[in-house]
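In structure tokens, the next block holds one chain alone, the form predicted alone.
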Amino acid sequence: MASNAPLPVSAIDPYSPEYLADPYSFHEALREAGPAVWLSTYDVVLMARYAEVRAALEDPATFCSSRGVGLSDFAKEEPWRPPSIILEADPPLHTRSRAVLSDALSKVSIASLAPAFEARAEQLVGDLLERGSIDGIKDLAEAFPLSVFPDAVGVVEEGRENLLPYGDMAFNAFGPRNALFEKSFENAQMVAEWIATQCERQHLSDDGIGAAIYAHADRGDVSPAEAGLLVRSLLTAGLDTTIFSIGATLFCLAHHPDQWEKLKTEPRLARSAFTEVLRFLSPAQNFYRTTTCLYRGDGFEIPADTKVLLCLGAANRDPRHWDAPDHFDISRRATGHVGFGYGIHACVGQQIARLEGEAVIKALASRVATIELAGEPVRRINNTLYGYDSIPLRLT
């Protein structure tokens, strides 16, 4: 192991308008600065290389989540809402929470959703084909998950317009209290109260994923209050990231016609295509951890009680790990990407997200001859998520 030296210091601000508009133009500089970099703007450490990001994700004892997975340190600041008992928790609480969610989202339960999801995707794509010109985000990336996921969880129809604003709040809250945060929190009380109410047992259907979570409360695996928090976590993480993923899929397929042709020729590549999208345009760009002790890496040290920003988007394009990382290739074996996290905090709902993403890709590949950009895509700027607010498309 190389001798440890002071961390290089960078003035790059990962929440500046320039960075949020195009984080990928900054990633190379952050990776090349060193395996770990001190960000002077926020007094946090950033890791942008794949090896170091994955090592941190695989070491929850050193890089804890219970002090918040955003910039805010829960040991020093009060969270804006009760912390998640899955995302913002360490073992043993995390272990218990994850076991409940893993059972509620078992392979059997996900498989039971597949026929309805695939039928809805086929219907929606067929309807959009008749129109020809569409907004890929509003008409498909948002419309499809909103038409299937809340039903799967068991959420009432009235008030579902609060789901997207709540997700925008939650993911902006992982960053600083900047203008993005303030704007998304303009109606925070109303939105948060609706979400909290819908997570209560009496407001959920008797046959959805939410009910399956509450069944664990009946068995004593979690308390009723904890069951509500787990339903909230599902609604927070299970919708926005999927919408951003499907939006990224539409952008990539329209922007890379050679890959679209490959997909139409080989529809079996739907799964690897969605995986490559998650690597290439990672919807969740950043999550934080906090060191519980002195961490010694290869040639560097991070003191205890330090916030560490794990730059997932940069790690997923690190040339030290990936061949031609800036090339979008749906036949690439992109397993091992950290777009869904890694280790014990890897996204517990990723199978349902994959089901949704692959249903859309399969429906497009079977029904659509050409998918082309019909205008300039508009980015949706968020402190944590990378995606689009609008993607004008022409389908034939």
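Start at 1 with the first residue shown and count on from there. In this text the structure is predicted, and so the values were computed from the model without any measurement.
Omitted from view is the form predicted together with ligand OVM, to which the following refers.
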In this chain shown alone, the residue from A254, L87, A192, A217 with a heavy atom within 4.5 Å of ligand OVM in the model of the complex is L87
So which of Y295, F185, F174, W322 gets a non-hydrogen atom within 4.5 Å of ligand OVM in the model of the complex? F174
In the model of the complex, which of the stretches 256-264, 77-85, 129-137, 295-303 has residues with heavy atoms within 4.5 Å of ligand OVM? 77-85
Is there a heavy atom of T236 lying 4.5 Å or less from a heavy atom of ligand OVM in the model of the complex? yes
Do A170 and ligand OVM come within 4.5 Å of each other in the model of the complex, heavy atoms counted? yes
